[in-house]
Each structure stands twice: as C-alpha cells, then as structure tokens.
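One chain comes next, on its own, written as structure tokens: the form predicted on its own.
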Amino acid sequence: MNTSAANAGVSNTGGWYAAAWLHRLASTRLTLLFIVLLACGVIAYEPAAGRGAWLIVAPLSLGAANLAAAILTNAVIRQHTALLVFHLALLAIVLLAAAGRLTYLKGQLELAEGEAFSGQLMQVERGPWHRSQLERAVFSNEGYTIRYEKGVRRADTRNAVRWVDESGREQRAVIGDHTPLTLHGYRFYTSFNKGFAPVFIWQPFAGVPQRGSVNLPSYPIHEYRQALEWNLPATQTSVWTMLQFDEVLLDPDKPSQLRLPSQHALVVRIGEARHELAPGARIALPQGVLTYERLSLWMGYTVFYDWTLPWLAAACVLAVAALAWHFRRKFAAQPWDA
C-alpha cells in the first residue's frame, strides 16, 4: 500500500471538508439570520437583570465568524485592496463591539460638597468580564454652579473637582455634562441629578463621632418633596427629615443660578417627637446626640468605562475611507480610448 498517497488522500479530503464548511459559514443566509438574532438580542437587552451582555455578544461573535469566512472564501474581496481593507475594518468593528459589551461599565453616584468618592456606586451596569478599578479613581467634589435660562431650563454645569495623580501631586479641574474627569479609564460626568444635603454629626455614647450628609431628592425636579427617611449609623432608629424654605431659588421669568436658601428650617421626626432645627441645633437621644451642622449641596455623577471606543472610532474611519477609495476607483472616469 502506498502510504504517502493514502495520507495525501486524507489531507485532500480534510481540506475539502474545511473549505466546504467555510463556504457554508460565509453564507449570506447565515448573515441575515445573525442580524435577526442581534435585533432580538437588542430588544431583549436588560442589563439590570444580568442577562444583557451575551444576548448581544453571541450574535456579534457569530456574525464575526460569518464575515471572516466570507473574507477567506470570496476571491473578489481578496483581489481588491480597498474592499479587503473595508471588510477587515468591519470585522474589527464587530469584534470590538462584542468586547465592549463584555467589559464596559456604566453607573451612578452622588457626592455632597467636600465628599470624596470611595469607589462605591449607587446604580451600576457592567459586562461580565469587567475588572473594576474604581477604588483607584478617587476624587472629591469641591462644589459646583449651575446656570438656568428662563423657564428653569438648565444650561451649563461647572463642577470643581480635586484628586491626587499617580505621582502624588494634587490636581484640580472643572468638569460638566460634556467635559469628563478621566481617571484610570473611567469617565465621570455631571448629571441633571443634584440637590440639597443636610450635614449631621452623630455622637453615640459608645463610639466615635461621625459626620455625614443626607442627600434629599433631586431639586428642582422634586421641588415640593424635599424629604427623606434614613437610619442613624449602626442603629435601627429611623429619622425622617424635611427641608423647608419659602425663598424662590430659580425664577422662571429670568436667568438664575442654583444656590442655597438664605433662610431655612430642617424638620426632623424621630418616633413621635418632632423637631425643627436650625444649623447648630442638637437632639439628645438614648443612643447619643444628633447635631445638625449645616446645609450643603450634592451632585449626581454618571461614570462610564469602555476601552474599545477609540479603537471603534478608528475602525469606523478606516472603513469609510476604504469604501470611499473603492467607489472612487470603481466610478472614476475612464479615457475614451481605454
């Protein structure tokens, strides 16, 4: 028996099967199926339920395999440089979009004036492969100004922030809704969410004093619901707090700026007892003393992380340039004697 001939036959057969599978994978019918699956995944996308990423990543991965097979099996694509570059850029876009869904993060946080970000988010969406470094992205809210147009239409937000860079030097910047603070790949933007924050000092009889703020509902969206219930630290004691003031802070008839009221009272209910507090007032409780220190402001932030965005932008530019190159050559005027 001729062993080399037999091996050659097996090799040829294996190559034929591989080529056949590649041609099947490159089918335009499969392309349409993967597009439909992607559309269904987008419709069913629910990141809060923890099932969002793979509904999108799976059809994107299948689509990438379909596109790669088309590049390998379609001679027309390979013979025209512009078409080849376009399809490779398109493949990169699909793969980067899948990678982005696996590793992204989007969240919300709130910081009172003077408060530092501790790495904890109030709301968060993240890809299953995201490895958080939020504990390294520490910064402080140093205060902000928000300008309003007539009709209480929010204009620009200017929020001063402070942080320490990797060399140990203190840095300061002003950020806003479209100007982020970028730390370790995370981009922090101001949001429409902001409001008033009463600052308390809690002195338990058995323990150390704690200073903290209570972020009341967003203002002016909840202008007439400036109340919140919370618990004293390390206790089951519920404290209901409401801010009262009569001053018009945002005049709908003229431009204005969000600020603290010049006069206010803080209503506090603990059990059946009702207290109306001015800054500096104290309440004696069985567990300790609660002091209302002052009224401050808090700001809500949106944090976003996606390392694929600059690469996606570059791949999109390359794809558009390659397609323009291809059609320019295809429809370029030819000499009459050509």
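In this text, residue numbers run from 1 along the sequence as written. Predicted model only: the values in this text are computed from it and were never measured. Whichever C-alpha set is largest while still superposing within 1.5 Å between the two forms counts as the rigid core.
One more form of this protein should be noted, the form predicted together with ligand HEM, which is absent from this view; the next part is about it.
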Among the candidates Val267, Leu260, Ile77, Ile201, the residue which, in the predicted bound form, approaches ligand HEM to within 4.5 Å (heavy atoms): Ile77
Partner-proximal stretch of 22-30, 267-275, 309-317, 291-299 relative to ligand HEM in the predicted bound form, 4.5 angstroms, heavy atom: 22-30
Contact label in the predicted bound form: Phe304 to ligand HEM, heavy atom within 4.5 Å: no
Contact label in the predicted bound form: Leu83 to ligand HEM, heavy atom within 4.5 Å: yes
4.5 angstroms heavy atom contact with ligand HEM in the predicted bound form for Arg328: no
Partner proximity in the predicted bound form: Asn66 to ligand HEM, non-hydrogen atom cutoff 4.5 Å: yes
Arg274 C-alpha shift between the shown form and the other one of 2 Å or more, rigid core reference: no
Cα displacement of Phe304 between the shown form and the other one reaching 2 Å, rigid core superposed: no
